[in-house]
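The chain below stands alone and is given as C-alpha cells, in the form predicted on its own.
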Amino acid sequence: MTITQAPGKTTTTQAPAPRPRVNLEPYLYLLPHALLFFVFTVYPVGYGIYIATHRWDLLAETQAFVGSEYFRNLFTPGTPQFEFFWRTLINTAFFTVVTVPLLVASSLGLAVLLHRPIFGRTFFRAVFFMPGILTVSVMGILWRWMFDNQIGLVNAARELMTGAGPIPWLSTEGLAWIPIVVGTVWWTVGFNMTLYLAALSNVSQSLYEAASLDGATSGQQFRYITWPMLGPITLFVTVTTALASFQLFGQSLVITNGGPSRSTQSVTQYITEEAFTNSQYSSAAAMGFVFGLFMLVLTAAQFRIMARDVQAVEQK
C-alpha cells in the first residue's frame, strides 16, 4: 500500500495483489493418463461417431454424410438391422439374466463352504479357481466336445446310464444354451469365489460368537451377519458379472457359432459379423453406440438399486 500526499489532502492507493503461481506439478502427473485416455477413448469414440454418420467405404475416396440413417435403421421394423440387432440383444439379455444369479449364488455358496476349516480346503479352492486361467477358446472347445451331438461325454454318460439315444444339444434351440451357460459358470465362478473369500475373512468372528451365545442358528447367522456384511462385495460382483455377461462373445462363437438359427448369437457377435463379414462398418458402429448406451443405462440403474439396498442394510 502506498500513501500519496497532495496539497490539502492525502490519498491512499492499494498496491496490486501478487498473482498466485500456478502449480503445474499435479497436471504433469495427470498428463500420461490424459494422453492415453484421449488416444484410446476420446479419439476412438469420436471416430466411431464419424463412421456411424457416414456411408463408410474403405475403397472410396470420400465418405458420404448420411446423418442418423444407420441409427434409424435400428428402430425401423422391417430392416435386417432391426430384426437381427434386437433379436441378438434379447439373446444376450437372456444369457445375462440366467448366468448372473447362478454365478453370484454359486460363488457365494462355495466361498461359505470353503471358508470353514475343512480338510483340503486349499486344494478345493485351487480346483474351483483354475478354470479361470483358461482362454475362452480352450473353454469353448472343451464344452463343445462335452455336449457334442454324437460323441460328447454328456451323451455318452447318458447312454451308459439310461440306454437312451443321444440328444442334439448343439443343434436344438433352447438346449444349445445349456453348454454355454454351464461352461460360463464353470469357467468364471472361481474368481467371484475368491472375492467372497477375501470379504469373509474380514468379518469379525466375535459377531458369530455373540450370535451363538444368543442362540442364533447357522441360518440366522448367515441372514443377519454374513449377508449384510457381504453387501458391498455382492454389489461389486453383481455389477461386474452383469457387464461381463452382456459382453458375451467367445462362448457362443466357439460352442455353437451362434446357432441354431441365431438363437444363441450374442449382440457383440452380430455387430462383428455386420462389420467384418458384411462390410457394413457404419451400421456396425451405430449398433455399437446403441448397445453401449443400453449397457450404460442398465449398469447405472443396477448400481443405484443395489447401492440403495446396501445402504439400507448398513443403516440397520
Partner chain sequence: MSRKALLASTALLASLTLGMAGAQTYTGPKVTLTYLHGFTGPDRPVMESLVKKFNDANPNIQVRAQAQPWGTTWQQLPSLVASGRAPDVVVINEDQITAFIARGAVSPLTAAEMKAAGIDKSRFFGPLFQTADYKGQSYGLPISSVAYAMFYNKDLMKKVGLDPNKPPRNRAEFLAAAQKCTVDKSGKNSTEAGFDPKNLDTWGVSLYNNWVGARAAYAAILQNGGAMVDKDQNAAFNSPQAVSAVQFLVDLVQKHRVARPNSTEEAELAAFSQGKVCFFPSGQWYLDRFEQQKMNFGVTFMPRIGGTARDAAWGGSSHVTLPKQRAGYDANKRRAALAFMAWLSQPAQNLTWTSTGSLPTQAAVAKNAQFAKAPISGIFDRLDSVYATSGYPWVGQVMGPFDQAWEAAYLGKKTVAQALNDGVREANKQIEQARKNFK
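Please read these numbers as outputs of a predicted model, since none were measured by experiment. Numbering follows the first chain given and starts at 1.
Keep in mind that the form predicted in complex with the partner chain is not shown, yet the notes after this line are about it.
- A residue is said to contact a partner when one of its heavy atoms sits within 4.5 Å of a partner heavy atom; residue 145 meets this definition for the partner chain in the predicted bound form.
- Mapping the unseen interface onto this chain, residue 149 counts among the residues with a heavy atom inside 4.5 Å of the partner chain in the predicted bound form.
- Contact annotation: residue 215 falls outside 4.5 Å of the partner chain in the predicted bound form, judged by heavy atom distances.
- Taking the partner from the other structure, the partner chain in the predicted bound form has no heavy atom within 4.5 Å of any heavy atom of residue 188.
- With the partner chain left out of view, the stretch that reaches within 4.5 Å of it through heavy atoms in the predicted bound form is, among 273 to 281, 37 to 45, 243 to 251, 22 to 30, 273 to 281.
- Annotated contacts: 90, 228 and 267 are all free of the partner chain in the predicted bound form [non-hydrogen atom within 4.5 angstroms].
- For the options 208, 84, 128, 222, the residue carrying a heavy atom within 4.5 angstroms of the partner chain in the predicted bound form is 84.
- Checking 170, 114, 237, 180 against the partner chain in the predicted bound form, a heavy atom within 4.5 Å turns up for just one residue: 170.
- Taking the partner chain as positioned in the predicted bound form, the residues of 48 to 72 that bring a heavy atom within 4.5 Å of it are, in sequence order, 55, 57, 58, 59, 62, 69, 70.
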